[in-house]
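This document starts with one chain, in the form predicted on its own, laid out as structure tokens.
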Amino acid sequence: MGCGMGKSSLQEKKSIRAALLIQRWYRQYVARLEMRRRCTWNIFQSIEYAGEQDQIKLYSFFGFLMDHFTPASSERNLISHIFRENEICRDTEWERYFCYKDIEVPDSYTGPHLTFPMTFCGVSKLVEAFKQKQQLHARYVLQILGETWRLLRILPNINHVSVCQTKEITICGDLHGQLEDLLLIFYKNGLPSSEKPYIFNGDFVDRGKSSLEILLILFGFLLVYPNDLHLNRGNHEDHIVNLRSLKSGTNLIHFVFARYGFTKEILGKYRVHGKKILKLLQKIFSWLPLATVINDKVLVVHGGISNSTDLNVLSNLQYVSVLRPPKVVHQTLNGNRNEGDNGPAEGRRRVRSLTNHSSLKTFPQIVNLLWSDPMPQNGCISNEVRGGGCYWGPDVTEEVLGRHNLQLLIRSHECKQDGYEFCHNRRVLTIFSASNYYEVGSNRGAYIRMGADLVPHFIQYQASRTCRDLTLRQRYNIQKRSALRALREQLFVHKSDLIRAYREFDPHHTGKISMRHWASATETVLKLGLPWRVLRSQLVSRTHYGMVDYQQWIKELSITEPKLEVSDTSILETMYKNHSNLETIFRIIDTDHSGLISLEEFRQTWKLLSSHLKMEISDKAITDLAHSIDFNKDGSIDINEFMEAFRLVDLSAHG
């Protein structure tokens, strides 16, 4: 009997030891996977933020042209229309311009028919129609947008809402055109109503393919429940930002980040009335509120704050684009306003507008509100990574929240793996609602439910059924492949700059440099802030005694480029590096939104780009390139075909 007990005890000890070994192995496995996942995440985020920085630099250059070139200069004329606040200035003229009554709905139309004023039933019908991939007729689109504009004009810049003991408020972060995430939120949490209030914290549009559908649903519920659905403006609710069609920072990466720009989406869906829809949305975006305050204690804003944030000042401001500072208005002796070439002044809501001297000092507050990110260190510094806004620390959070008697700041703007994240001693909370943002399985989406106690409760989800069926390793492998493809393209398009940087460490022209020098030179060129030595095994297939054969390595990047006959191959590399900026300029020059530009406009586009890059591109090289992609020889270039002609292909994705 004693012997039996001894055997049983020994067996139990072995089982416990085995269990502990398995547990230790699993924890190490998960830790290694997590370290690799964070490295992959850094690649995605670094490329995205580098693109945003590139974008802001381009529009700063446009602003420089507007401010320093003469009104008659050709460069200024090319881009001046995007900085006009409105071609039509007075509200009565807007009403006539956007009148929908002359647009007939044909009998062949099979989508939803709406009646106005909007009702809960009507918006529910709209939601169901979008679930079935139906498209709303342009007449109804303009009608919803017109009604929304009229409502937004009477709303404050900062909404104040109250939550009582009997109901909670739901707070959602970035959706970025991903309709499936919005529909899943409604399925899990219920549709907006007087008993189910919502706050949507900006960045409704860009990158996903259903930005307009999201806006129409949210605007519909706003019209039905103006006191229970609140929309904050994000940095992507900006007509200048919307011109860019690829996901920020990715240049030629169609297979990883290729997404829809909002302007391109609208013009693709509404070829006849798209221009009117875009103009009205530009107007609407400029009237969206900047923030919401819950029970005078919780501030909800898209980006963040800075050490100069003053909510009392922000409550009186309105602007059109964060990428273009306000024009100074001069008061003449007879009291008339002189606005240079911005046209007649339009009446502004509330006390102060962006068209006066004091607004030039307060304008950065709006930039910070929409573009800023928190950092762990104290202080407030310029956000060089994004190129706009600031980084603010815990001390700034304490000071600003204390000054306004607030206890919590809820913001969005940054993708988080779990859909949410606390920082600054749990006084700053980031919420992000677009799941699978970078790649399938890259992140969960989340939203917040908050009651009268102002304690946030999180609901997480994955909108992709495919992702829910994948194991942890499978999800990581998908993300890793996508991130490395993106990174290889970044390396490929900078190959000439990289080789020059590598040669600085190769004075004897051996064609080989150390791993440390390879990492240092690569970071110097790409400026992505990545751990290149950690990534070496993923990017460099072989080394010889710790040395990298950089010439051979460049050849092994597995990227193919289009075969075009041009006299100057450097123009092709310029094209690869500045693919997104070039497309942005194309779409600015394409003022009638036809998708076509003439060969002369093509030449002017390159002239603008070369001015921005401070480099010389010969007329012959531009002419050769234009003729090589004028496929049907009709003297015009299709913008979409041009972008596709310069798509690089990663052979490793097809091996």
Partner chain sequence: MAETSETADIQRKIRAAFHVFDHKADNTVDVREVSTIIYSLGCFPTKADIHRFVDEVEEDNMGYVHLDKFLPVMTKVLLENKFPPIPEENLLQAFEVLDKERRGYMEPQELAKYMKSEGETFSQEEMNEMLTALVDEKKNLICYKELISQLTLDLDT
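Take the two forms, find the largest set of C-alpha atoms that superpose within 1.5 Å, and that set is the rigid core. Numbering follows the first chain given and starts at 1. These numbers were taken from a predicted model, which means no experiment stands behind them.
Omitted here: the form predicted together with the partner chain. The next part is about that form.
- Only one of the listed residues (492, 287, 391, 98) places a non-hydrogen atom within 4.5 angstroms of the partner chain in the predicted complex, and that residue is 391.
- Of the candidates 297, 403, 533, 167, 533 is the one whose heavy atoms come within 4.5 Å of the partner chain in the predicted complex; the others do not.
- Taking the partner from elsewhere, residue 119 is found to have every heavy atom lying beyond 4.5 Å of the partner chain in the predicted complex.
- Within this chain, residue 155 is remote from the site of the partner chain in the predicted complex, having no heavy atom within 4.5 Å.
- Taking the partner from elsewhere, residue 610 is found to have every heavy atom lying beyond 4.5 Å of the partner chain in the predicted complex.
- Contact check for residue 421: a non-hydrogen atom falls within 4.5 Å of the partner chain in the predicted complex.
- A displacement of 2 angstroms or greater separates the C-alpha positions of residue 531 between this form and the one not shown, with the rigid core held in common.
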